[in-house]
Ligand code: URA
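One chain is shown next in structure tokens, namely the form predicted alone.
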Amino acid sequence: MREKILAVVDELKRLKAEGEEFVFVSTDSVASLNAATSGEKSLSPAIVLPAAAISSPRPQPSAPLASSAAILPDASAVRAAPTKSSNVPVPSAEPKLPPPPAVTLPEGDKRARWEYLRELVLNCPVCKANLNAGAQVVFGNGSLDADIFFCGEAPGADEEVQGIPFVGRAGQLLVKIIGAMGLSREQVYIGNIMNWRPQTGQSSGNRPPTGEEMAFCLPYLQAQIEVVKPKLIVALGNTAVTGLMGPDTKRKLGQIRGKWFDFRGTPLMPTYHPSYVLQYGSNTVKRQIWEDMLAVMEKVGMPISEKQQGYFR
């Protein structure tokens, strides 16, 4: 029975990685699985259907970049997300947020316009009203002359404390990937679709932002892109892709990653989020995201060494 339950969990994780947000499970199946898991003390008690989302893996120490194998670490264990009883808010048909803001940037150089925009976002009453207790609004940072704009989804626990995007485990991995490309974090720009960590009603755990939340924050992201004027955007993960390209229930990240799209006149490359690599860190997955980075390097005219070409083959 244990093997069958783990097989179900693996299939749910695979569906989530491909962009599926919901699965149909009959009442009888739920009852059978719940009864089957009640005696499995070695399994996490959170593995109870109908919860199908998988949260981030447990922390592991990160190692400095020493070779191509160190760019993307091995897969780590994951835990099941909170179940139906966990007070995770269910999106309502009624609007919970005001209409998206109209952002008009002032005249001036990049730094002056960015500083204006940063103050606007950090003091946005809607962003501040949706913060978790003790958290900060998170605004993008990096080079204002960057060729590459990395766009993530929403701040996590580490990010909302520090007020900086991508500083947790996924951020550390992203910095390693950027380093393997021959760049530093200071030479690229990193931002998020969201400026606050979506509330879950709990002290831990993450949830994807709603379409309404992403729509509200999108003008702030668009304004950052307008200031930086990058040569291209890298969309990290399905949520970032949805925020930039719009919702599409038929679109699967595994099918579109590595292909070029367009965001308001700027080339857009969808790829996996670093947290996905932390969860499913096979050499196949590592090679896929690295091939996307090679395409990015080629697009901006960066040199690619033979060693870089050979990573994870």
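Start at 1 and count along the sequence shown; that's the residue number. Just so it is clear, the model here is predicted, and its values are computed rather than measured.
What comes next is about the form predicted in complex with uracil (URA), which is not displayed.
Checking L221, A154, V227, V121 against uracil (URA) in the model of the complex, a heavy atom within 4.5 Å turns up for just one residue: A154.
Residues with any non-hydrogen atom within 4.5 angstroms of uracil (URA) in the model of the complex fall in just one of 176 to 184, 146 to 154, 107 to 115, 124 to 132: 146 to 154. The closest non-hydrogen atom of N195 lies beyond 4.5 Å of uracil (URA) in the model of the complex. Put simply, E159 is close to uracil (URA) in the model of the complex: some heavy atom of it is within 4.5 Å. Interface membership of K286, defined by any non-hydrogen atom within 4.5 Å of uracil (URA) in the model of the complex, is ruled out. Along 273 to 300, a non-hydrogen atom within 4.5 Å of uracil (URA) in the model of the complex is carried only by H273.
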